[in-house]
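Shown below, as structure tokens, is a lone chain in the form predicted alone; questions about how it binds or moves come after it.
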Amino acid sequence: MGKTFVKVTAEHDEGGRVRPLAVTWTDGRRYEVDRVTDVRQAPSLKGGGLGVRYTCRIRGKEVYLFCDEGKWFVER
């Protein structure tokens, strides 16, 4: 268990909301975010830490994507 920091392409709207559009893995693979189904402040139970948790659908799978003080990570 742990977390992997990733590069995220995101859209920031005029209201300050952030919507992740794509995740780039450490090896360069890029995955488009199909849909964001939930956004909330939540702890990472597998990786530790607290941040804004985006529940995303990527290639048909539910993925938790966290933003902790500007650094993005996914749980392993």
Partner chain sequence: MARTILHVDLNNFYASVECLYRPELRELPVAVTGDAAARHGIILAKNNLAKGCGVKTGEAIWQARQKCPGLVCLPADFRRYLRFSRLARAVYEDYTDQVEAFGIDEAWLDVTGSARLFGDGTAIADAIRRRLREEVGITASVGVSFNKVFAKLGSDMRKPDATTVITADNFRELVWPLPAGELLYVGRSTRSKLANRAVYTIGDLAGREVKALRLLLGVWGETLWHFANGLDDSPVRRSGEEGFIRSVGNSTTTPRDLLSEEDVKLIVFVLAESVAARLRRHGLKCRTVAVSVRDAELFSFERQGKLAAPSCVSADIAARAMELFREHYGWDKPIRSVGVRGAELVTAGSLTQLDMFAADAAGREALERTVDDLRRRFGPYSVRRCALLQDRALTGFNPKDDHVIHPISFFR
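No experiment lies behind these values; they were computed from the predicted model shown. Numbering follows the first chain given and starts at 1.
There is another form of this protein, the form predicted together with its partner chain, and it is not shown here; the text below is about that form.
K.L.:
Consider residue 36 of the chain shown here, and say whether it contacts its partner chain in the model of the complex, taking contact as heavy atoms within 4.5 Å.
P.N.:
Residue-level check for residue 36: no, no contact with its partner chain.
K.L.:
Considering only heavy atoms, tell me if residue 26 and its partner chain come within 4.5 Å of each other in the model of the complex.
P.N.:
So residue 26 does not count as contacting its partner chain.
K.L.:
Would you mind checking 56-75 for residues with a heavy atom within 4.5 Å of its partner chain in the model of the complex?
P.N.:
Sequence-ordered list: 68, 69.
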